[in-house]
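The chain that follows stands alone, in the form predicted alone, written as C-alpha cells.
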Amino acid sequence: MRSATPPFAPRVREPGETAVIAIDGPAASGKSSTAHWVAERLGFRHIDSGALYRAATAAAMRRQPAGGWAEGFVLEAAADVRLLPNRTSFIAAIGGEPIDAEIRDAGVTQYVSLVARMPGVRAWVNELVRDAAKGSDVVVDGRDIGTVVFPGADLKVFLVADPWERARRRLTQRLERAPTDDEIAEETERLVQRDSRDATQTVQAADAVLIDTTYLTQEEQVERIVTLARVVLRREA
C-alpha cells in the first residue's frame, strides 16, 4: 500500500513494486490522450480508467438499452469486463473482445456519468485498475486516481483548462472539423453541468502538481509531465 508523499519527495519502492503516474482532472481536460503519450515516452503502460466505466455502461446497454439501471444490474452486466494488456496500454474488453468503438458510442456517453457515480461500480473499477498496475509501470488517468486509487503515486498531476477551450477541443475531435461558436457554447454548457455533477469525484490531491492546459499544446502538456516524472523517478532511484 503506497502512502501519500509531498510533491517530488522520493519514496522507497519495495522490490517488485511498480511505478505509478496519476493524472486527474475534469471531463475533456485532455487526461486520456495526454496520459497515453506520457506512457509512450516513459515506456510505461497507459490505463484509462474511464474506459472501464464506459465498458460497464456498454455492458448494461447490451442487456437493457433504455437505461434506468440499478447498481446491482450494472455490476452483474459488467462481470465479463476486463482490462487486456498490449504493448503500450490496457484495452477494455467484454468477454475477451476489445470494445473501443462501442464504448465511444453516443448512447454510452449519455449514460456513463450516471454509472460512474455508483459507489459499487467505482469500487469495482478501482480494484481492476489497481490489479492492472501490479505487473507494469503505469500512467493512469481518470477520476479519484491521485486521491483514492493511488494516494501514494510516484507523481500526481491535475489537469485543468477553461471550459470553452475544453469544449472546443472535444468538438474538434468528435466532429473532425473546426466547431462554430454556437456549437462550442452548447458544449460548454454541457461540460459545466457535468462538472457540477462530478464535483465530488474530481478533487485535486493535496500533493498533485496543477497544470493549466488552456494555452498549451498537447505536446507541451506531455513534455511537462514527462520531465516531472523523470525528475521524481530519478530521485527515487
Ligand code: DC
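In case it trips you up, residue 1 is the first one in the sequence shown, and so on. The model shown is predicted, which means the values in this text are computed figures rather than measured ones.
Only in words, not in the display: the form predicted in complex with this ligand, which the text now covers.
Handout entry: Candidate stretches 78-86, 114-122, 153-161, 94-102, one within 4.5 Å of this ligand in the model of the complex by heavy atom
Key = Stretch 114-122 is the one.
Problem - Arg54, heavy atom within 4.5 angstroms of this ligand in the model of the complex - result: Close contact exists here: in the model of the complex, Arg54 approaches this ligand to within 4.5 Å, heavy atoms only.
Problem - Interface membership of Pro179, this ligand in the model of the complex, 4.5 Å heavy atom rule - result: Outside the cut-off, so no.
Handout entry: Ile145 within 4.5 Å of this ligand in the model of the complex, heavy atoms
Key = Judged by the heavy-atom cut-off of 4.5 Å, Ile145 is in contact with this ligand in the model of the complex.
Practice task
Would you check, heavy atoms only and a 4.5 Å threshold, whether Arg194 touches this ligand in the model of the complex?
Solution key: Although this ligand is absent here, Arg194 would touch it in the model of the complex, with heavy atoms inside 4.5 Å.
Exercise for the section: Determine the residues of 200-225 with a heavy atom within 4.5 Å of this ligand in the model of the complex and present them in sequence order; the list may be empty. Expected result: Stretch hits: a single one, Gln201.
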